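Here you get one chain, nothing else, as structure tokens; it is the form predicted alone.
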Amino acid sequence: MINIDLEKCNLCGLCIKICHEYCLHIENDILTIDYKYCSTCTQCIAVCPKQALTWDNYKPEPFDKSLYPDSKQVDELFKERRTIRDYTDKKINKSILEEITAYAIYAPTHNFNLRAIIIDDDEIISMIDELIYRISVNIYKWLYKPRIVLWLLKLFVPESEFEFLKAKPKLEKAQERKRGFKTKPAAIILIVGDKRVPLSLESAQYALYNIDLYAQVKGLACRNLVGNQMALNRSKKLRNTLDLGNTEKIFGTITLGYPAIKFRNKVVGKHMDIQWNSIKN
């Protein structure tokens, strides 16, 4: 919770100016917070020049811009970042997993009550692996075996044919190896939240990306399991194992491990189309 040190506060109003929830006010020369509207984004703490605002009375620390990475370092980090599905058998120390996961809280978010579940138990990881494998088998059975599905796709939504066919060899390989993961990860982190809160899925993806980048600088590899949340959420066995509440839902899933493969080259030449808009007279 956000606390105010009234002795330090000089009523400059910067916190009020930056607050997008409009829950900070000055009344009778005293700064107050209407907590029922506060989303705990902590923008006010970050902007206060007097460090009069704190989180749970922990004193904020000023930024040290000498520690900022330069543009070349950021370029190296972003271009090295790749999804990795091949892991070694090496375990990840629990303290490292906690350190990595802690950075999820600093991601931009709408749902401020997300929580993380760290799984490094082989039995639970195998349970998740089996769930992903089973859903792969069922998708192949119902969508790819009957030839009529592809025929109907070509007839009514031909623009989807490429994506449909692209998934086929992946599902076939999963059935060949009889497991969901190509290699078993050392750990899985789930981002969980209340399904009644809007934009929770988007908030979870931001949190995962913080985890992803920090894991990368710690020498770990990651894979964001974008399409598997539905299978995980529908499994009563997994939900009971993880002690998920009735209104809770898994919004993000990321696997981690030490990479068994090393990328050596930065890809040069890829680009995203950019459109500039201006009002034409």
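Keep in mind that what you see is a predicted model, and the values were worked out from it rather than measured. One rule holds for the numbers: they count along the sequence shown, beginning at 1.
Separately, the form predicted together with a small molecule exists; it is not shown, and the next lines address it.
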Heavy atoms within 4.5 Å of the small molecule in the predicted bound form: which of the stretches 240 to 248, 222 to 230, 26 to 34, 61 to 69 has them? 222 to 230
In the predicted bound form, does each of Arg81, Arg85 and Lys270 have a heavy atom within 4.5 Å of the small molecule? yes
Answer with yes or no whether Gln205 is in contact with the small molecule in the predicted bound form, where contact means some heavy atom within 4.5 Å. yes
